[in-house]
Every structure is written in C-alpha cells, then in structure tokens.
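Given as structure tokens, the chain that follows is alone and in the form predicted alone.
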C-alpha cells in the first residue's frame, strides 16, 4: 500500500536529511554533474541561499524525509528575475513511488507564489524516469548541451527542459 506523501517548506532541522539525499544523487551519478560529497558547512551555506523566493520543499512519508526540491537562481541579471532553475532529489528507498510528483507540484506552487513565470531544469538525457515525471507535468525539452561537463573523466551531455506558467 502506498504511504501518504506530504510536502512542506524545509526547515534548518531538515538539512541533514537533505544533505544525505543530495549525496546519494551525487554517488549514484544519475542526477548531477557534482562529484564532491557535500558536508555540513556546504549545506549551511546552500540553505542560506534558499530562503525567500528560492525556497526548498521536502516530501515526507510517515515523518521521514523522502526527497526535496529547490528553486535556484537561474541568472543574476534582473531580466531573469522571473525564471528559476529546479532541483529535485529523491532518497533511493523512495524512488519510483510518486514522491517526485508531489514535490514538483509543491515547488511549482511555491514558484508561482513568488512571481516566477518559468522554471528551467537540467537532466541527463539517459535519466528517463526524471524526464517522464517532467513531461507528465507539462515540461518540454528545449535541447541538449553536448559535452556540458565531465563526470568520472567522461564528457556528459545535459538536456534542458522548461515550463512556462504564463503563455
């Protein structure tokens, strides 16, 4: 039976769980070009940048943080103030169980409340589970950045996707 998933704004007390889930994504090599495991100091600084408009949502199942999503600054130029980039990470034990859908809906509501008109995201072209989630929720592929970064000594392509809330 599927357990109830709830979402809420993250608090400082969620940072350890957020870090653990982020580090899983780094170790699994399926969601980020990041390769350095994040420590407590990094997460403190990261969290300080994710206040106000650039919030963080956590998803819980029976009181356990199962995943998180954040709105991130897309570009520091004021022309892009209405555009946010998106990060979503799901704990290994909860992947494929609907947590991502709950997080995406909640973070989109937060984006709209904070006057964002567009969300962009970047994913690995081979991450079909993530792309399926995004496409089901109205995101479209913008294109592929070839050789965008390196991971484990190999060039990696990155797919850009977007969703506009004002048409």
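Predicted model, so just to flag it, every value in this text is computed and none were measured. Residue numbers count along the first chain shown, from 1.
The same protein has a further form, the form predicted together with a small molecule, not shown here; the description that follows concerns it.
Within this chain, residue 31 lines the site of the small molecule in the model of the complex, having a heavy atom no more than 4.5 Å away. Although the partner is absent from this view, residue 106 stays clear of the small molecule in the model of the complex, with no non-hydrogen atom inside 4.5 angstroms. Under a 4.5 angstroms non-hydrogen atom cutoff, the small molecule in the model of the complex has residue 136 among its neighbouring residues. Residue contact with the small molecule in the model of the complex: residue 98 places a heavy atom within 4.5 Å of it. Figure note: of the listed segments 107-115, 124-132, 57-65, 42-50, the one touching the small molecule in the model of the complex, with heavy atoms no more than 4.5 Å away, is 124-132.
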